[in-house]
Every structure is written in C-alpha cells, then in structure tokens.
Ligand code: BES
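Presented as structure tokens, the chain that follows is alone, the form predicted on its own.
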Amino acid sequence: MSGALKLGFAPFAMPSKGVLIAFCNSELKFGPATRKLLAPAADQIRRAAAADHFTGKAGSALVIVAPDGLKAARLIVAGTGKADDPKAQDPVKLGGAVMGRVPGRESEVTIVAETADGVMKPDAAADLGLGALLRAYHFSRYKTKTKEGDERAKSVKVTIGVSVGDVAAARKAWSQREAIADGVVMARDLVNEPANILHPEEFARRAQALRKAGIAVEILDEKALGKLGMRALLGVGQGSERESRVVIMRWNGGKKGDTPIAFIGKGVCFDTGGISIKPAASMEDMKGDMGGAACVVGLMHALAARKAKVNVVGAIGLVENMPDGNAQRPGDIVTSMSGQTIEIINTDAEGRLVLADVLWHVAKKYKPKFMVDLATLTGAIIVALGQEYAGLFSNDDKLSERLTKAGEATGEKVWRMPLAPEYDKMIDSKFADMKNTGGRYGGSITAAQFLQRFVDKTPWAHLDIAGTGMGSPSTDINRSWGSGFGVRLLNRLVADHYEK
C-alpha cells in the first residue's frame, strides 16, 4: 500500500483526535455502540441536524467541528437512508463516500463500522475500509507545493482506523482486501507516472519487483523477441530510442500441473501515433496507454498477496510508439509471431499489433484455460459506451457471463459487444493476410476481430478499457486520473470461479 495510507481495526472507542465518522439512518437513529460513543454530544447533534435540515438521507452528511464532550476534533455523521436504500448497501462505496467528506489535511480518521441496524459483519467492515482507503489515494509524487483545497496534501500521511465488534475477524477479512487495495494502488501509480519516467525498460524493472511476492518474472528483451518472431510488436517500437520489452509473470498457487489462466495487457508507455501522428491536443494523456499492462501487474500482485489457489500467467507487451526516421510506415507489411502477415494502414492502430504477438505466445506456450486481454485500445469504444462501461468482446459465452457478473459485483462494469464474420471483411487486405485497421465504422469491433485471429481456439475475452482505465470519471472510491480499472473485476472473476 502507498506509504501515505495506513488502515487498521480496533474495538469501539472514542479517538483522541482527528475525525470521527458515524452512521445514522433516515430516522436519525444510531446503532447501540455508536449511540454510547456519541452520548456526550447527543443534544448538539440533534440541534445541528435540525439547523442543517439533515435527515439521514443516503449520501448526505452532517459535519460538526469540536463536538461537545468528544475528544475528536471533528464529527461527521453520514446518512445511510432507509434499510432498503440501494445507495447504502455497498460498503465499499459507502466507505469511499464518507472518506470524501474528510478535509484534505486531516491525518487521522476513525470510522465506526455500525449502522442503525447493528454492528457490521467483518466482511462488510473490511469492505468499508477498502472503499475509504481507495478514496484516500492520491498521486502527488512530483508536486513540491500543494494548494489550499487539494483533496489530499502531499505531506499528510493518513491513518484510517475502523472500529468493529470482532477485531480478529475483521483483520482476517481485511487481509484479502488489503491485497486487492495494494494491487489497485500499484496499477494507479503506474498509469499516473509520466512517460519520461515509465518507459518500457523501467516498467519491466518495476514488474520485476513482483518476485518479492513469490511471482516468477521473465523479461524478454528485443533480441529474445526477435528470436521468437514478434515482428508485429517490434515494429511498433522501432521508432523509439527506448527498447521494447515483454514481461511474463507466473503465479503458481494451484496444484502442480493444473492448466493456468492468463491475463494479457497492452503496455504502450507513450503513444504519439507514430508516423500517423496524433493531434497535439490532449496527447499528454497518451502516457496512460499502458493501462491494460498496469492492471495485469496490479492483478498479479493482488492474487499473489492473498495466496490465490490458482495458477496464473500474466503477460504484458511494453513499447513506445514514436515517429523517428526508423519508424514503421503506413503501407509496411510485417509478419507476426503466428506467421500471419499484417499490412500497416495506420501506425496509430498499434496496440493490437502488440497484443497480437503476446496473445499468440501465451496461447501456444502456456495453453491456458482462457485468456483475458485488457487494452486502452480504441476511442471508438468511448463513443459507443462512454466512460461507465468497458467494452467486452469474447468468443466464449460462459467467460463473458462471468465477467459481466464480476463487473456488476465490483462496480467495474463491462458491456458485451458483437463479433461476427461480416466484420472480418473490413480488415481484409489486398497485399497481406489482414490490415491493422478497418476504418472509421465499428472501430472497436474490427480491432477485436483483429485480435481474435491470434487466439486460435483458446477461450478468450478482450476488454477495451479506453474509457475506464485512464481519465475516467470520479467515483466514490476514485479521484485519481488513473483508476486502476480491472484489478477488482478480474480478482473477483478468479475468486468466484477459478480457485480450488
């Protein structure tokens, strides 16, 4: 976890300082333990609620500075609404929402894990802490000054305490959530890094740190990639001074010899578009074009840290797409690792070239039960789905259904899009086996059709996270430009269906 964020569990007690957060329902009722803690300030809470027209509605909050008889410097009473209010039923979102009420320079926060209906169960209390911690995340590594109003000051180290009924059980439940939180934070940090720092070699070096968690990590340099025949991937990076890399990560938590599952991430550390150069406006966002690779690294950490009982392969293709005199040109033809030839129509349709070789390598070498790839692949998916859903394309109905349910459970939602032979005609080439783009219409679909040609018969799903992996909208549990999208989604998929 980020060094500025710490979370722990303790019995119900009044904190000596900082912020105290408590919950009430739409009738302004508290749970018994909370009522006892707040007894000295009961009259002040009633007066403040009346003056502020606070009714305990879900999502609302009452803030009292220097509450009577309490040691805490500030009391936040958060409304949970009626018992059947859907807004109050997700403790992860609830934890994030209440953490959002905490002023940026407060360093100690205590959350009472009890509603009017009683003490939260250990799993719910751990989820509450997860939401609060994810909301508290900030990326200010390169700021030397902070302005008044910044959500979280650079210098403040935040300690979040969750008051619970059963401390031991809550800590046990948290051990699993902590692994997930660390994975999300790792992915967010990677996406937020500038491209002059996080180039392909540096990204590979950081992935190498997963060895500390018991993950086997293999880094393939350009010489190794050339021997393997990854000419599609190498073609993308040939215009950059930074060498390309592929990183293979293996977590063997299942039985020896069990078939692994596999996750593949697009890692274009910066994308100028190459010779088909992008417009200058917002090009700085292309530092996040490695969001899929960031997710895979974060996911592998989460699975290893919680000792997931499954064998997993994680693979990321790391390149930089630059337009120098050695860069790939429109009209070039490259031979992929699969032996299929590709005519380059647009050098800005580069992510699919990277994924093509890595997908083929993983499918043939590791023969996984299934493969899921993640990529900030197309602007077309944002046109289709906005930033609320990632696009899901798959050749396997069961895998698609499981991903959809995992998305609903975690809030990292996916929406299945079509694949059909008719779309294949759009990427047929006059000069090669295929071309790397099918034009403007159905751009996210033709990109997925392209990828499908490199999975052979392996069950596969492609997640286009262009709208959700970077520059994503703020939520109750994320205020970061890099959201870490996919870590919680895929961890849930694994936990629900693939662990023994």
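The structure presented is a predicted model; accordingly, all values stated were derived computationally and were not measured. Numbers for residues come from their place in the sequence shown, where the first is 1.
This next part talks about the form predicted together with this ligand, which is not shown.
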Q | Listed residue (Asp373, Asp289, Asp357, Glu320) with a non-hydrogen atom within 4.5 angstroms of this ligand in the predicted bound form | A | Asp289
Q.
Within 4.5 Å, heavy atoms only, which of Gly104, Gly81, Gly379, Gly229 is in contact with this ligand in the predicted bound form?
A. Gly379
Q. Where does this ligand sit in the predicted bound form: which of 120-128, 345-353, 405-413, 243-251, heavy atoms within 4.5 Å?
A. 345-353
Q) Quick one: is Ser472 in contact with this ligand in the predicted bound form, heavy atoms, 4.5 Å cut-off? A) no
Q | Ala466: touches this ligand in the predicted bound form, heavy atom cutoff 4.5 angstroms | A | yes
Q. Using heavy atoms and a 4.5 Å limit, would one call Lys307 a contact residue for this ligand in the predicted bound form?
A. no
Q. Going by a heavy atom distance of 4.5 Å, is Thr437 a contact of this ligand in the predicted bound form?
A. yes
Q: Decide if the three candidate residues Arg188, Glu193 and His199 all line this ligand in the predicted bound form, where lining means a heavy atom within 4.5 Å.
A: no
Q: Using the arrangement in the predicted bound form, list in sequence order the residues of 257-271 with any heavy atom within 4.5 angstroms of this ligand.
A: Lys266, Asp271
